[in-house]
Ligand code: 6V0
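As a starting point, one isolated chain is supplied in structure tokens, in the form predicted alone.
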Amino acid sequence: MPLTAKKTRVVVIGVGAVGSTTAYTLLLRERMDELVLIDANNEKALGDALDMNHGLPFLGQSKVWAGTYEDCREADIIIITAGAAQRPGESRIDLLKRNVSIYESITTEVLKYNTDGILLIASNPVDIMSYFTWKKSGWPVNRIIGSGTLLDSARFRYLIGEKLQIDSRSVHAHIIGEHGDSELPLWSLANIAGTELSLSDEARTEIFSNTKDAAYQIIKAKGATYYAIALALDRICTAILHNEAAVLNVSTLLDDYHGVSGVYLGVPCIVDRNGVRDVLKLNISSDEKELLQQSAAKLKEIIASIAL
């Protein structure tokens, strides 16, 4: 009797704007065999699953259904996007206390059924929520991944490309640190094919300001951000499921990273089937090191004020 390969399963917990768009993106790109949608509002999950199933004749053979936490048992990746929505003008850190109680109940349920998958965290403030999930789960740090500054770096590259009229895929540039107000641009390493960027100080200030404030601008305009973050989460899932060993700016627990330890922050990491395989220690400037340490100190202070 021929052996049947294990089907790949991705679970999305929370099918609001980010969760449903992420699920749809994964489905369109045929990333997995099975896609499970879980939400406190089960009717919403049922509706999304039904809507996506009606499109399967135009796609592949993926199976999509609204499930329960028990369906996490066979999951390769569990994406958590659930949580309170960010309000106009509200910082990601202000979301923390509203989201911690929601996250605690979700994590407790997931851990009943899955002990060897990968948890991909997208709820904001993502670095703190990732840290909280790691502490509660007791899992190896490589299998608790936050979306980190992957989206911020994409925004940064897009804006640099727009300014220089160069395809953003050819722009090599990083945002590291908190996914939020204390993030920092690594101008010292930004380049196009190894050449320095010909940008004035004024242009650099404008580009970084627009990068950092992008979410606020979008939320003010339409209430939420979800297209680009869905693509970022899809990219992380692809690196995991295809064992790519891709370098992505995800959030992971740092250990003596330019003097920073014991906190989740977004930095370039090698991501493969086991999650974060390694953290790349970039050769950054002394000013950038100081800003990174300030970002870490800010998050540590907030974490210390919450009983995790």
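Quick caveat: nothing in here was measured; it's all calculated off a predicted structure. All residue numbers are counted from 1 along the displayed sequence.
Beyond what is shown, the protein has a form predicted in complex with the ligand; the following relates to that form.
Peer 1: If I take 3+ ligand atoms inside 2.4 Å of backbone or C-beta atoms as the clash criterion, is the pocket here open or blocked once the ligand is superimposed from its pose in the predicted bound form?
Peer 2: This form leaves the site open.
Peer 1: With a cut-off of 4.5 Å between heavy atoms, is Leu151 one of the residues that contacts the ligand in the predicted bound form?
Peer 2: Judged by the heavy-atom cut-off of 4.5 Å, Leu151 is in contact with the ligand in the predicted bound form.
Peer 1: In the predicted bound form, does Leu291 have a heavy atom within 4.5 Å of the ligand?
Peer 2: Close contact is absent here: in the predicted bound form, Leu291 is far from the ligand, nothing within 4.5 Å, heavy atoms only.
Peer 1: I'd like to check something about Thr81: if you look in the predicted bound form, is any of its heavy atoms closer than or equal to 4.5 Å to a heavy atom of the ligand?
Peer 2: Yes, Thr81 sits close enough to the ligand in the predicted bound form that at least one of its heavy atoms falls within 4.5 Å.
Peer 1: Could you confirm whether Asn41 comes within 4.5 Å of the ligand in the predicted bound form, counting heavy atoms only?
Peer 2: Looking in the predicted bound form, residue contacts with the ligand include Asn41, since a heavy atom lies within 4.5 Å.
Peer 1: Sort through 222-230, 135-143, 201-209, 71-79 and report the only stretch with a non-hydrogen atom within 4.5 Å of the ligand in the predicted bound form.
Peer 2: So the stretch in question is 222-230.
Peer 1: Counting only non-hydrogen atoms and a 4.5 Å threshold, tell me whether Val18, Ile102 and Ser123 all contact the ligand in the predicted bound form.
Peer 2: So, yes: the whole triplet contacts the ligand.
Peer 1: Only one of Ile118, Ile176, Val171, Leu95 has a non-hydrogen atom within 4.5 angstroms of the ligand in the predicted bound form; which is it?
Peer 2: None of the others qualify; the residue that does is Leu95.
Peer 1: Considering the ligand in the predicted bound form, which of Ile106, Leu189, Leu164, Ile192 comes within 4.5 Å of it through any heavy atom?
Peer 2: Going through each option in turn, the one that passes is Ile106.
Peer 1: Let me know which residues along 275-299 have a heavy atom within 4.5 Å of the ligand in the predicted bound form, or say none if there are none.
Peer 2: Heavy-atom contacts to the ligand in the predicted bound form: nothing from 275-299.
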